[in-house]
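Consider the single chain below, provided in structure tokens and representing the form predicted alone.
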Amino acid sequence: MFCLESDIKDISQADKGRSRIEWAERQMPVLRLIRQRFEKEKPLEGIKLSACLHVTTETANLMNTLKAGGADVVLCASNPLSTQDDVAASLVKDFEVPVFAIKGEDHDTYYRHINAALDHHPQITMDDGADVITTIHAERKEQAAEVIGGTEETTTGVIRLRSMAADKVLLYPVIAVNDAQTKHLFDNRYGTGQSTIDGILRATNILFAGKNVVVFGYGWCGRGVAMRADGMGANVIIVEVDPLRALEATMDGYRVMRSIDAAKAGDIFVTVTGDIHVLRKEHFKVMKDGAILANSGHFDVEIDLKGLLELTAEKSEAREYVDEHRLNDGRRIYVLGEGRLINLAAAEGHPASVMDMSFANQALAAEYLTKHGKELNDTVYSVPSDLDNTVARLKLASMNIDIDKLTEEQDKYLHSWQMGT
């Protein structure tokens, strides 16, 4: 029964995982339509694909879609705390997908799992954070020649990859799925916004109403968190380094402050910048007793945990996913989910209906790379607009929403310079 080469926690959890995968599938109509086409056309026939993604119910449905298209897939985790062990078990037992992922795995196991996925010798890589691609470039360069192309799911990964492309060290083309409008406008804003608050609530059971919630970063993820916190009655404060985003946050009705001033005022802090140490020693030193720190950026680098430990007299677990740091002066600071993605560490991640669009883009990008990857240069590409529009149209259709089309006269007017006042 358990014959696949995999490394998961407990195969006996498969039945529970399958029920949850099937529940998510009901909320993913766009991916379901793509899977039905893939089953007929087999556009990924014979393609080896290694995916490094959060091992969740939604990801399971993406793996099933890629398999339906003919791909030979292997999955490993893109974050040590994001794996849903019952989903991993079901993927192995019920769907025959090799999985290398265990919730809570240590650093060495995490990279052993990535290397196991690369032992598959993929022709397409699928990343959430760029750890597979960077591992190939740092340790297994000879495999890069085997790869047609890759995809990247998250803002943090795209930043890393664009840096590699700028330095001319990227060895194969990558499609920035994160930059698809049907991804970042919805997944980052509505998905991260809701799931981050969900993770904080599950970890703490606190009341948001009346609290000062400080959001570091006002990109699409920060906008989503701010919107949801505001809707729950919190007083939202934004910390930004980009003047345009800071101005936008102000015009959206939020207070904008320097980080040191926000550190004094905040009750709950949420980092969503994709950058390192946005909460540091100087901030911890002025925070209120009982301040709560959560990160929803991809990597666990946004909160300077080493700096916090240097100020800590005693560390203990206040409750599951909540570490209490009692400082030398007696104040307490609470860190959620070890500073990792709180929406996946303490909750279930984005709602399936949002991931439906993100993973539809992943599936279509894999198909596009199979057809056109050899024609592309070694750089980072945006999702082709026709794929993005296809996902939007399918999503609208699944919601029974009809929209107008331009008349011939309107289309001509928009493409003409002769017709003026």
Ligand code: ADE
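The structure displayed is predicted, hence computed values, not measured ones. Numbering starts at 1 and follows the sequence shown.
This protein has a second form, the form predicted in complex with the ligand, left out of what is shown; the following refers to that one.
- Using a 4.5 angstroms limit between non-hydrogen atoms, residue 359 touches the ligand in the predicted complex.
- By the criterion of a heavy atom within 4.5 Å, residue 344 is counted among the residues contacting the ligand in the predicted complex.
- By the criterion of a heavy atom within 4.5 Å, residue 355 is counted among the residues contacting the ligand in the predicted complex.
- Shown alone here, residue 349 lies within 4.5 Å of the ligand in the predicted complex, counting heavy atoms only.
- Residues placing heavy atoms within 4.5 Å of the ligand in the predicted complex fall in a single listed stretch, namely 51-59, out of 366-374, 37-45, 388-396, 51-59.
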